[in-house]
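Taking the form predicted on its own, here's one chain by itself in structure tokens.
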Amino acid sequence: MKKLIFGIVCAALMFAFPALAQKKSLVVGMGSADAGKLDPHIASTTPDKGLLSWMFNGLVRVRPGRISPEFIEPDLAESWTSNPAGTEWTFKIRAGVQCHHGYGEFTADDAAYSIKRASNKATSSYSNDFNAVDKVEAIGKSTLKITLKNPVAGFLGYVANVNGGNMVCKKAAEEMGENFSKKPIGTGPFMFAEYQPQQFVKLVANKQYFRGAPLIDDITYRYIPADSSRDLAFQSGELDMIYGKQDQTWVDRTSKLPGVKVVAMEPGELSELYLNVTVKPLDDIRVRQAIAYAIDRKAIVAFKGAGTSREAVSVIPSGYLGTDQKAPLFPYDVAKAKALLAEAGYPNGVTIKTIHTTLTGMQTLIEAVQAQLKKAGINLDIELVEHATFHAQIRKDLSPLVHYQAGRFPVADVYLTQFFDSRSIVNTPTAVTNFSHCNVADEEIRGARVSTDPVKQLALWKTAQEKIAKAVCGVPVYEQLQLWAWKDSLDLGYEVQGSLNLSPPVTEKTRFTK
């Protein structure tokens, strides 16, 4: 009888204390004041891209936890073929995939709509990525055909689950119009549920997800711009995962916390100074050269931490297909910088303005650069603005010097096209992120893009990097790995080496182990 009573009491206690059950809610702390645009075809900031990656799929995807094109695998397309010339691509769309919140089955028509939407400057920040697209056709319910004007290097990367490659649901996008960025509808493992400005975005599990219902019920994505506040919330147990302060001291300190995993993920975002070659005093190459000579990359890496950063090797990031790992960058030489300024007519120094984000990792870098430039007589006048405002203003060509930190799909063409092709100059009809107004390597960039000879392609990319470096369109500084931490009770479901969306992959396999 006593055993029976004891068993009943134990059972009652289990039901009385549901908090003892396995944790099902994930709380993430992001180092940003607020969301930007929650539309995958418009979002360009780290905070937005990471969040959206948990809601959307591409036709293909890079395997979660990896970033290399060699790990491309099926996503909404279960298979694909191309003609020998690489100008016709046919994708078989996976049957039965459901759009969030009852918007119906995702079909080839939705895929065609998504590509067209991503190709349209009015609805996409990545329209230039699709300049080579000639025709997009939905052939029945399950077949998508994309015809290109010319072959495109790494084309599958453009239809992967990154940037313009994210697939949206046609009915939802058309019904909501501009409001789509306030209530995004995708097909991914998690669905949009709620947004409270400057506080959080909440996602809930997509129980109909085609890879299986997620093991986590919901995600609260909190906006906490102050590093100290974010760290305290993490240490107190309010947060399960945080975006770290992007420096070595944060890694060293956080790694010592019990029950915590700290990861420095690929890709390394290239931190680069883009110099507008059309405005004074930067229209004088001697001034641009002086800036390049005044930057001490080794000191920057020492400041940021060798375990979390590395020196830039070229005007595009290291490790990409086509990166010149030994590009002719300017060495550190303050005396040479001063001599060039004097020769350019500025013996007493020069002042250059920059509009800059308050995002802490980037802000500490520009302040370090400011101190280095000052030694050469270059006064960097920094105007600090909130991160979303920063992105808006630099795209209006309001900042003569732009410090931008970015990673892209790891093929040289993507980076060269977006940052150095003259068709991508900001504040023009075909704008992307060419802040420097660079045009010195158009022939090589465009030639490599359509070349079917891999040896010739690599040679053209190398020449393009040499020309850009020589013209000092950009001054590469260092590469920052993505610093995140999470409780070791959180199993992401994959070995995390990197993420092209700059946030750890949270998928249907992510779960708490206790």
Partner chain sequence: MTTFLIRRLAFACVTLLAVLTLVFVLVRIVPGDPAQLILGDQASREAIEALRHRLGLDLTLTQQYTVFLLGALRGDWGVSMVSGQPVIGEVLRVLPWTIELTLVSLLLGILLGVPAGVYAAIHRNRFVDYAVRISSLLGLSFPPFVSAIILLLIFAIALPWFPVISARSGSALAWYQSITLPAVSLGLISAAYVTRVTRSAMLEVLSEDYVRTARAKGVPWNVVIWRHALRNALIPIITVVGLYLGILIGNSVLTEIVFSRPGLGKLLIGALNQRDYPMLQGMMVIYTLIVVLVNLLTDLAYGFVDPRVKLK
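Computed from a predicted structure; not experimentally measured. Positions refer to the first chain, counted from 1. Superpose the two forms; the largest set of C-alphas matching within 1.5 Å is the rigid core.
There is another form of the same protein, the form predicted together with its partner chain; it is not shown, and what comes next is about it.
Segment that reaches its partner chain in the predicted complex - one of 275-283, 371-379, 316-324, 430-438, heavy atoms within 4.5 Å: Answer to the contact question: 430-438.
Contact label in the predicted complex: Glu174 to its partner chain, heavy atom within 4.5 Å: Glu174: no, not in contact with its partner chain in the predicted complex.
is_contact(His100, its partner chain) in the predicted complex, heavy atom dist at most 4.5 Å: No - in the predicted complex, heavy atoms of His100 and its partner chain never come within 4.5 Å of each other.
4.5 Å heavy atom contact, Lys462 to its partner chain in the predicted complex: Because no heavy atom of Lys462 falls inside 4.5 Å of its partner chain in the predicted complex, the answer is no.
4.5 Å heavy atom contact, Leu239 to its partner chain in the predicted complex: Close contact exists here: in the predicted complex, Leu239 approaches its partner chain to within 4.5 Å, heavy atoms only.
Contact residue in the predicted complex, chosen from Thr90, Asn150, Gln208, Thr389 - any heavy atom within 4.5 Å of its partner chain: Contact residue from the list: Thr389.
One residue of Lys37, Lys467, Arg446, Lys487 in contact with its partner chain, assessed in the predicted complex (non-hydrogen atom, 4.5 angstroms): By the 4.5 Å criterion, the partner-contacting residue is Lys37.
Any residue of 37-54 that, in the predicted complex, places a heavy atom within 4.5 Å of its partner chain: The stretch 37-54, when checked against its partner chain in the predicted complex, contributes Lys37, Ile42, Ser44 at the 4.5 Å heavy-atom cut-off.
Rigid-core frame, C-alpha of Thr389, shift of 2 angstroms or more between this form and the one not shown: Superposed on the core, Thr389 moves its C-alpha 2 Å or more between this form and the one not shown.
Lys261 C-alpha relocation of at least 2 Å between this form and the one not shown, rigid core basis: No: Lys261 shifts by under 2 Å between this form and the one not shown.
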